[in-house]
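Starting off, we have a lone chain in the form predicted alone, written out as structure tokens.
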């Protein structure tokens, strides 16, 4: 079974592409066939993180109809079981993806064959990025243990929730208009939450409420805290869970804590992923733990819900070991 794994971030500079590159290598070393797809439209650099030479063809060739199938763009990374589809920021207007081409791209992704298809998405909450994130239930959100990063991650999750709800109803429907109106109003700092919207949808019909609840129930955001300095950083990560639970009614699962390491900076300069150059370092050990979690916990079923922060506590214990 193929697992599509979108990887996003609420802001740039949190190490998302480095995370994708090192995770791809780690999963491939675990015996999984992995395809990395650079969907950071207009700002692709995944090939640099992998130390792979730039390709003359990339995702822009599919967007601009220079190739018919995504599989025509697959290149070998020189590593066993690890392949990639490069990005393409050289062709003009690649970042401005037309809606129908986006739909075609999403359908093509479903035809690719691999154990894991990792989508390295652009930073931020554009509709393109959010729709790519919604290509699978168990997307990964990379953030750093900083207030600005946590707030941007929350903003991204809010956009994902509303976009999912909006796309769950037919165009020009009363439900879509209701969702649109609710989206334009602030909920932070008020007693309003996504649950209020679900209650409001009840005024239309019970079926509308069921559709909306089912849509939100399929969302299984997995969070990785990157560039951590000490165990206290996980308490900052807990803030994202708190505001997502209170305002959106969404539970997030923390699947990894990756320490800040000067080796990562050097790995970019040397174009050699750190899990290969320093397989015993803390970052590599954290990546191994994340890969094991992903392999052992597929997202085909409903997520496990936590009554407290026991998964954050587990991460803290791993750091202390």
Ligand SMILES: Nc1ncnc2c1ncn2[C@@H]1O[C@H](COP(=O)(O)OP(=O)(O)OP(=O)(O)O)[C@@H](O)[C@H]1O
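For clarity, every value in this text was computed on a predicted model and none was experimentally measured. Positions refer to the first chain, counted from 1.
A second form of this protein, the form predicted together with the ligand, is not displayed here; the remarks below concern that form.
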For this session: Report whether the minimum heavy atom distance between residue 149 and the ligand in the predicted bound form is within 4.5 Å.
Result: no
Item to complete: Give a yes/no on whether residue 283 approaches the ligand to within 4.5 Å in the predicted bound form, heavy atoms considered.
Response: yes
Taking the ligand as it sits in the predicted bound form, is residue 265 near enough to touch it, meaning that at least one heavy atom pair lies within 4.5 angstroms?
yes
Hey, in the predicted bound form, does residue 226 get a heavy atom within 4.5 angstroms of the ligand?
yes
Only hit among 42, 51, 279, 259 for heavy atom within 4.5 Å of the ligand in the predicted bound form is 259
Per contact check vs the ligand in the predicted bound form (non-hydrogen atom within 4.5 angstroms), the hit among 78 to 86, 226 to 234, 247 to 255, 100 to 108 is 226 to 234
Looking in the predicted bound form, the residues of 1 to 27 with a heavy atom no more than 4.5 Å from the ligand, listed in order, are 12, 13, 14, 15, 16, 17, 18
